[in-house]
Every structure is written in C-alpha cells, then in structure tokens.
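In the form predicted on its own, a lone chain appears below as structure tokens.
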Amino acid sequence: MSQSSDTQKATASAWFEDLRDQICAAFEALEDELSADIAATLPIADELRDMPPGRFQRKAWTRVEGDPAAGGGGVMSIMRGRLFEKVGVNVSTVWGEFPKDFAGQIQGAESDPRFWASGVSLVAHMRSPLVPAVHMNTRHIVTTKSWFGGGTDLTPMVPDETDTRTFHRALEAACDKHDPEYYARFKAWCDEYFFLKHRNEPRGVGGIFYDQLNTGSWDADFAFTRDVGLAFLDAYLPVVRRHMAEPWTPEQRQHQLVRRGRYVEFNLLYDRGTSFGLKTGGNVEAILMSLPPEVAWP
C-alpha cells in the first residue's frame, strides 16, 4: 500500500462527509424556497399541493460483514421533494482487495491488490424539465499509489447558454486558484469522458473531470479537490434558482424523460464509478442511486 498516512486518509474522508452536509443543507434550503404558493402554479400542482419541502433521509450500509479483506461502508442521503424529484448525496469509505481480474485496471494495484477509497458522489434529477440535472463527485484512492479524482457536469434537457456560462465560470475560477492550465485540461477531459459513443453525442454541456491527480503534494491536491466540491455549489445553485419557478409543458416533460434515457445509458455502459463500486462489493442501491426515478425511450 502507498505511504499515504492514516491522518491524511481520515482528513480526506472527514472532508467528504462535511461537503455532503453542506450540499444537503443547501439543497434543503432550495426546497424551502419553492414555496407552496409557487408550487401551486406549476403543472404538477395537484401532486405538490400537500407535499412539504423535501428533506434528506439517510441510510447507512456496511460492506461484506465478517470478511476481513472487505471493510468499511457508507451513508446514502436521498431526498424526494417539490423541486428535487430525486437527489442522492452519498459518502463512502471502503478498503480491501480488488478482484484479480479488476486489479490490473487500477493504477498501482497490478502487483498488490489492496486498496483504500473514500469519496462523495451526487446526482440530482429535477421535477422541472427546465432545471438541469447535475452530477458531482470527488474521491481519494490509495493503492501502492495515491491520488485524487472527481469533477462535475451539467445535463440540461434544453441547453441554455447563460446556464452553461454560469456553471463553467465557477469551475474555471476554482481551477485557476491552483493551476492556470487545469480548467482547459479538465474541461476537455470531461467532454471526452461524458460522451455517448454509441449515439455519437455528449451527455450534456460538460464541466470538469480529473483523475489520478498526484502532483507530488498531497496537501495541494487535496486543497484543489476541496475547492472543486465547494465550487459545485457556486456553479449549480444559481442555475436552479434561475428556472425553478418557471412553468413547463407536458411536451417538455416528455422530452426530459427521453433525455434521461441517455443518462441511464451512460451510467450503465461507461461510468467508471459504477464499475468501481460493483467490482469492489459496494452497496448496489447506493451505486445505482444515480438512475432517475422516471425515464422514457421513444
């Protein structure tokens, strides 16, 4: 295993939990902002009339009990509300050994399959087709090597240039605090990664994505990872507030459900996080939290 210290691991996992708490509080505040009076003007007024503002429900899970090679677990935080049709903000810290057929695909695990991993992962699917879906995660992984990874991307049903600009500018500002080359590099990586090859189309309007970040300074890489998490709120909250009280049509809702199908296709066919979670004995319910509650294919 890498010489990444127990203190560093504990510091990283504690931060992911703290970021989870900050995001959950901010999202619950958005639920409060969508008052009953505003909800009554929306196309799903009957459904929302007696619904209180959403609140996160937490559920802990543990990896395989009794197996000394498979330790740790996590906590799922799921909310279904007036604004958020389904949003999950999950944290996990797990350790053990990669399966032999998977170890060779992971940096630093080729000769030693032991690993430790911690992170926070978020996916939000909104009731309104005018409010984009969003994904964010940051993580720290330790094998014989140690690195950080993560990112965030925006998936509107109908792209809006102002929203795209708001989202990317917040991420660019966070990147520029650490390295003037980070934003362009990680934006291009995001565009390449979140691409549905079988449809020859992007999943959304991008964001940033990075992996295997190890500059030689654990503190610097961790500081960047923290700023990416905090920048997510600066990037996404203004977009939600811009559209959350706007009415929509049944046709726009149907388009939203079809576009969600693309999200499902990407996560099941290409997403590394999904593969990593399933290969390491993670909680299936938590891993598939990213899937929308309602979806359609034409």
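Please read these numbers as outputs of a predicted model, since none were measured by experiment. One-based numbering along the sequence shown.
There is another form of the same protein, the form predicted in complex with a further copy of the same chain; it is not shown, and what comes next is about it.
The stretch in contact with a further copy of the same chain in the predicted complex, judged by heavy atoms within 4.5 Å, is 258-266, chosen from 55-63, 258-266, 229-237, 32-40. At the 4.5 Å threshold, heavy atoms of His178 stay clear of a further copy of the same chain in the predicted complex, well away from it. The closest heavy atom approach of Arg80 to a further copy of the same chain in the predicted complex falls within 4.5 Å. Taking the partner from elsewhere, His135 is found to have every heavy atom lying beyond 4.5 Å of a further copy of the same chain in the predicted complex. Residue contact check for Lys86: one or more of its heavy atoms lie within 4.5 Å of a further copy of the same chain in the predicted complex.
Counting a residue when any of its non-hydrogen atoms is within 4.5 Å of a further copy of the same chain in the predicted complex, there are no hits in 108-145.
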